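Below you will find one chain, with nothing else, as structure tokens; this is the form predicted alone, and questions on how it binds or moves follow later.
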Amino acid sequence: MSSTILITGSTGLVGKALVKMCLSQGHIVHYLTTQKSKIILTENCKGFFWNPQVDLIDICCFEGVEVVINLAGSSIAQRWTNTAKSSILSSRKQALELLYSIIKENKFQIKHIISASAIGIYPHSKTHYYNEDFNGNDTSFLRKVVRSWEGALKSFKSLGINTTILRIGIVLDKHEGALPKISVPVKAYIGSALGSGEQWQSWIHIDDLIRIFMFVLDLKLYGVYNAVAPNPVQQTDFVKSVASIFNRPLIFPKIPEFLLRFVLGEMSALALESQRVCAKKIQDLGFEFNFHELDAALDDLL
């Protein structure tokens, strides 16, 4: 059954693929963008301007909408200056707070909000296998961001709106995101593992991620779910798999942690932290991954 769906963050890696999938399944898509140049108006896909920083939104975006999919937030893959950290944190919280206040004020009849989150909520560990029930008190920046992000979603329950949180791992896509950053140097014979190479990386093929969004939408699944493939890998094995696809040797030694911390600063946590995350909860509800193993995903993408 088709619905009218409002999507924030629709021009990002995940957003673009999600809009395409929703339209292909007969849904009507309304999307919010901070760039007026990216607004288009067609019969089934309409763009609307907003600016959460100043509480500005075109409320016409809610016309006929029953489901909101929230992907809004400043990219975390940027050097973590004080200004950038403030933007990363506030952009996620402000987006949800603005949506909440407008829905409440206008009594819009939203039934379901699905919000992106991240596996960064789980602390760095080379031994722990994380499921959705884990509760920790780690105070690092990544944990602070994700807890704030998810915390801002709780207010929607007071409006009787069902909520779903998807904690997303490393999204593998041919053209954007982490994979090109790894595959380009490997292809050029200068690839190497990062840090110890022992850190776990919980990944997901972009197609499976979009299918998870549609799965929770279609089945009206609420709560928290890890959006990762069933078989995370350690960083050295990830790089070796990419090298195998391109038939390239890994000549260079691992890049030491101290060098990554010197070059990337605090943001080096994105490369060095280890999160081994479990996908069993979504699988037990009937979701079937097309890409269980990293080699199959890389073969498809590269």
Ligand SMILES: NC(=O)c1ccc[n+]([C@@H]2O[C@H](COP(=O)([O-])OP(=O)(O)OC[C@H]3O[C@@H](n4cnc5c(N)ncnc54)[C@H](OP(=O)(O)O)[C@@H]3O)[C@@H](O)[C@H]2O)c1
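All residue numbers are counted from 1 along the displayed sequence. Quick caveat: nothing in here was measured; it's all calculated off a predicted structure.
Omitted from view is the form predicted together with this ligand, to which the following refers.
- For the residues T34, N44, T236, S244, the 4.5 Å heavy atom test against this ligand in the predicted bound form is passed only by T34.
- A heavy atom within 4.5 Å of this ligand in the predicted bound form is found for exactly one of T164, S183, Q199, S91: S91.
- In the predicted bound form, this ligand sits within 4.5 Å of a heavy atom of W149.
- Taking the partner from the other structure, this ligand in the predicted bound form has a heavy atom within 4.5 Å of a heavy atom of V171.
- Within 4.5 Å of some heavy atom of this ligand in the predicted bound form lies at least one heavy atom of A72.
- Proximity of A116 to this ligand in the predicted bound form falls within the 4.5 Å heavy atom cutoff.
- Only one listed stretch (72 to 80, 218 to 226, 191 to 199, 133 to 141) carries heavy atoms within 4.5 Å of this ligand in the predicted bound form, and that stretch is 72 to 80.
- Residues from 1 to 20 that approach this ligand in the predicted bound form with a non-hydrogen atom closer than or equal to 4.5 Å are G9, T11, G12, L13, V14, G15, in the order they occur in the chain.
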